[in-house]
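Single chain ahead, written as structure tokens, the form predicted on its own.
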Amino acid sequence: MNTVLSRANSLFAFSLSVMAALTFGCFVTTAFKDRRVPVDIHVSRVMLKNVDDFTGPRERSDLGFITFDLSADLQPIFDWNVKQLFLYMSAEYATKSNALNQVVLWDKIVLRGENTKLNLRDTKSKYFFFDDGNGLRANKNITLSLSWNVVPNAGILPLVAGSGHISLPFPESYEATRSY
């Protein structure tokens, strides 16, 4: 004869098994969906300064400032298994000391139910664009791209790159810095 606790344990274990199977079924329905959308990035202003770097030896490093326009319709990404998107724009470039440099310049979290159409005009980078040396000056190939992480209700956390990017050159000379 089974006790009440034994029956409750069996019911609980069966319920967890059913929930796990349903969760896996939910994951499979959206696991192979293409989550790329077209992205339009336009840079309106690029400025470069050579500033003191206080993180290491007393050297000067390049600091870039970018003003950009960004437009994208993220509505096709959202379905019933998407809680939110973590968007970020990054810059990739090569220098003499590093074959690949990646710097995040801007980010945003878009929750389900919020406006999914991005239409940003004259937006400044949210984070500093520091180089660990002088690799930004006269660099002819700095690529800006928008990527995102899809945060699902159930399943893996995919990293998706948008289908648009822009490559731009940085100035050959520094802007004059003022001393205060």
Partner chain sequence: FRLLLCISSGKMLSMFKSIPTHMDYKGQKLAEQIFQGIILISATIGFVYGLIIEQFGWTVYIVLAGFVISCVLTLPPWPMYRQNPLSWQPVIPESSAEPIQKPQESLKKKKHK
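Residue numbers count along the first chain shown, from 1. Rigid core: the largest C-alpha set superposing within 1.5 Å between the two forms. What you see is a predicted model; the values in this text were computed from it and never measured.
What follows is about the form predicted together with its partner chain, which we do not show.
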item	value
Output flag, 70, 119 and 123 jointly within 4.5 Å of its partner chain in the model of the complex, heavy atom basis	no
Proximity of residue 112 to its partner chain in the model of the complex, heavy atoms at 4.5 Å	yes
Touches its partner chain in the model of the complex: residue 19 (any heavy atom, 4.5 Å)	yes
Heavy atom of residue 10 within 4.5 Å of its partner chain in the model of the complex	yes
Non-hydrogen atom contact residue 41 with its partner chain in the model of the complex at 4.5 angstroms	no
Location of its partner chain contact in the model of the complex, chosen stretch of 47-55, 129-137, 143-151, 25-33 [non-hydrogen atom, 4.5 Å]	25-33
Members of 52-81 lying within 4.5 angstroms of its partner chain, judged by heavy atom, in the model of the complex	78, 79, 80
Large Cα move at residue 13 between this form and the one not shown, threshold 2 Å, rigid core	yes
